[in-house]
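Shown here is one chain on its own, the form predicted on its own, set out as structure tokens.
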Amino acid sequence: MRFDLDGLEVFFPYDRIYLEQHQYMRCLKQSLDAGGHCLLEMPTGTGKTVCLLSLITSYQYANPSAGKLIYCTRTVPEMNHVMEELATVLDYRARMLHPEQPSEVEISCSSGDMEDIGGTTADRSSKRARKVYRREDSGKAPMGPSSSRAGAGGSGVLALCLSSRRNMCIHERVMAESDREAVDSACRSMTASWVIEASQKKPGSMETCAYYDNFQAAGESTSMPSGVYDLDELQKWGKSRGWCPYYLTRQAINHANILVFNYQYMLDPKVAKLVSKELGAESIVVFDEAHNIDSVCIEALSVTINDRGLEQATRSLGRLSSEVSRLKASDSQRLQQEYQNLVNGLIDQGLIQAPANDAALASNVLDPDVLNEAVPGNIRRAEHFVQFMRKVVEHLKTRLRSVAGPTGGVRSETPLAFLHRMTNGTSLETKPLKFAYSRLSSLLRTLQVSNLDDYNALTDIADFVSLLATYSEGVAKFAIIMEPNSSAIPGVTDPVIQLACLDSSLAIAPLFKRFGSVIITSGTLSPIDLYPKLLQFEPCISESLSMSTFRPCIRPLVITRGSDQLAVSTRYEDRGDMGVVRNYGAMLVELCSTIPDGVVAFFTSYSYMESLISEWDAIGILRELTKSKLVFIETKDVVETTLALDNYRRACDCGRGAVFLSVARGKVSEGINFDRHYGRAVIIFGVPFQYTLSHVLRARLEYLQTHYQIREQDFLNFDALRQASQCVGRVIRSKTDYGLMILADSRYTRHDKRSKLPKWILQFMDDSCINLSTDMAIAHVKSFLRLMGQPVDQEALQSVLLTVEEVTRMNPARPTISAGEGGAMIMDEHNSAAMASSSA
């Protein structure tokens, strides 16, 4: 579909479009035209990704001055999905712009094979069959270098995704490593500058990476042709040329029109400098699935230190001291050169990239004076800095011992108070502490350390004191929380010191200041009005969209009591009640015996799920449950959970049916979709509040109340309901899909809870769906499944799909204006009448 949207020609790769997709793209365009930020909530399963990509790529094509599209996702599977959709959008645009050139891959699908957007069924009455563009090997849109003379998208677009070495490396030995840290270390040991220099001086003396060597040798010729490159294509391209895809991608950032990567590349100050210097202020930044973006911002600037980390840091300092002594004896000139560089300042030394212009993204860890001034004299020499860090580590050990001792306990201090005690106890000055992180980075580079993982604990401590010194003045946006025991294992003590960021706007504020358009979007942003307060920005567009439907494909049910009429809830005072435990178990058994295929159940925490499963096993509930479905359980181990998910899907595919027991805020609740028969129902037991006795949470709630006037209960309700919405939203992924959303807790009947659910869920929730017993809910379930089990009414489906003609009529009429004699303005009669009618 190629249509006009308020003066912008949009290339949308499907024959028809939903009303909410058109509304969503109009909001996006208004935001881009205004050069402002926006908050948009769109129902899950209605093609949000393809709308974003279609509108923004069309906007870039129509406005060459528009910058890069920076698309931020949470996980690698989401990144790959975005690249697939992008390839489809650009391939369609290339065909529309250059119809004389054949499409790379073009397969006509019958109407029975077409899914909802990511796929809608084509209009059967249409004379022209709908075409879907897929890759030859997997049935998806073409990726990799474009074979078209005009390039990808018909205009030479280059789209790249960035990820870690673990996901991009093609060196056989490095790929054999087990975890991310080992992969990074193996790569650095072959690509570090000093390794390359030693190898050039004495060939064969050091193992180097052939792919990196070839990439360096190619120099300026290492350009990438136009195309859409996901991680697989980047690896294929790298192997075909003999170039390292990891470093090739980072060099190609300058030339790319579209970049897709993880949130951390924009929000974590330590990672952001890898890409931020390449991005212009006119770039368009998108945070997709951004319902938890405030939590991501806080985690990026929070540091936790424990006894084990301090002991590792002590050993690391011992190794550093030995290395410094060895280097003084063998190559003192190198240490002297580092000293001179530090006198000149961090920017001159090259540790911190100088901003390309005044609007460049600055690091949140470092004050401007840290960037521009020379490193303080008392930590310039390597041996002095090592001694400086020893004092810091010993002071932190002393504080931890005092917390864990007999007179200790939980303590909370402001950064200024903690820093005051540190400077008094160690005789250290505040200013050198700001440089600790960068000074450590300089020393590790000077000592030519490849295996940085051995220094992770020391790096955390340097990060801790740099943040502490930087943000000690003014309003306390951090809190120091010292706890004698953070371990969940009974009898095990694990004292910790946490530098907890309380203000989520700190990490994202530089982005709002630098970039003209930052788009925050998700299917579950409700209540949407709290995000501007939490992130401290003013959106020019803030909208929550409803879902257009041809049948009630969602049935939200609020179960407040069991079959014995006893109220069910996970309130702390009720959760241990055997009546509640028994009713929850009986509820799950009855629902699983009624609902076919897959059922997913979410619990409020791992501990509550484990206690319930233990009780259910004791009273025979699990035995009854396994008669109707196989039972799979999410654990904290990623490998175990992945295996359980795979077997769960196999059980659903073979018709046996399964129930997956998982946890709100866990891995399954965030990135896994249970579409079609994999999720005919989602049950959430309780309201997933955060642990309200957490001292870090208490400090944040007090900060929000004091500075942003966000009441404690308002934030807790907001946070719990967005998690609940995210859980139940897993069940519906398209208009032809259907599912039950079952909220099992009496508190969901309260208006302050229920009203915070997204608009697209509330539109299906009437009074008959609220305050149900288990028996009443089962009757609703049977009625819903009977209705949804009927064949899809294709005519009804077409009624919610807009044609090009209908979309064109939705555009406001623009008057045709021309100049008459003497410069008089002449307006088209039809448009004049229309304007008069609308003004009336």
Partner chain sequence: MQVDEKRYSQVIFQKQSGELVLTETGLQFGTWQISWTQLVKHQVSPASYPKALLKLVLQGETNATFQLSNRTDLEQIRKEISIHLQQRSKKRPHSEVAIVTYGAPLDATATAVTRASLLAAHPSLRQQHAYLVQETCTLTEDEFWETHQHLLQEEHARISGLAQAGRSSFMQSRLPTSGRITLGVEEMRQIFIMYPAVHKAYEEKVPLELSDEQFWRKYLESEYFHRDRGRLGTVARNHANGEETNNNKNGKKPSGPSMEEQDARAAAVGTDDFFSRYAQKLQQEQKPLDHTKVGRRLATGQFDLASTLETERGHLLQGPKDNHPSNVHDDEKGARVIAKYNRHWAMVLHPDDAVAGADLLNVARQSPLQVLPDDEDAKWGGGVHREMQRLVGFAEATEEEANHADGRKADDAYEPLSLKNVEAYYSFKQSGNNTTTETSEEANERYKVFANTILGNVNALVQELVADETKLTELPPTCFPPPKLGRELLSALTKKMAADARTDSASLAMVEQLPSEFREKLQIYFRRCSELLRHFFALRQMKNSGEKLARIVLGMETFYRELDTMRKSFPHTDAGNMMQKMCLPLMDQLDWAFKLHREGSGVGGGGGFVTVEEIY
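Positions refer to the first chain, counted from 1. Keep in mind that this is a model prediction, so the values were computed, not measured.
One more form of this protein exists, namely the form predicted together with its partner chain; it is left out here, but the text below deals with it.
The stretch among 513-521, 665-673, 423-431, 551-559 whose residues place heavy atoms within 4.5 Å of its partner chain in the model of the complex is 665-673. Proximity of V475 to its partner chain in the model of the complex falls outside the 4.5 Å heavy atom cutoff. Under a 4.5 angstroms non-hydrogen atom cutoff, its partner chain in the model of the complex has Y263 among its neighbouring residues. Looking at F602, you'd find every heavy atom of it more than 4.5 angstroms from its partner chain in the model of the complex. At the 4.5 Å threshold, heavy atoms of V296 reach its partner chain in the model of the complex.
Of the residues N292, Q312, N306, T446, just one reaches its partner chain in the model of the complex with a heavy atom at 4.5 Å or closer; this is N292. For the options S546, T414, S611, N214, the one in contact with its partner chain in the model of the complex, meaning a heavy atom within 4.5 Å, is S611. Every member of the trio Y606, N647 and Q723 reaches its partner chain in the model of the complex with some non-hydrogen atom inside 4.5 Å.
Contact annotation for 54-79: residues with any non-hydrogen atom within 4.5 angstroms of its partner chain in the model of the complex are R74, T75, V76, P77, listed in sequence order.
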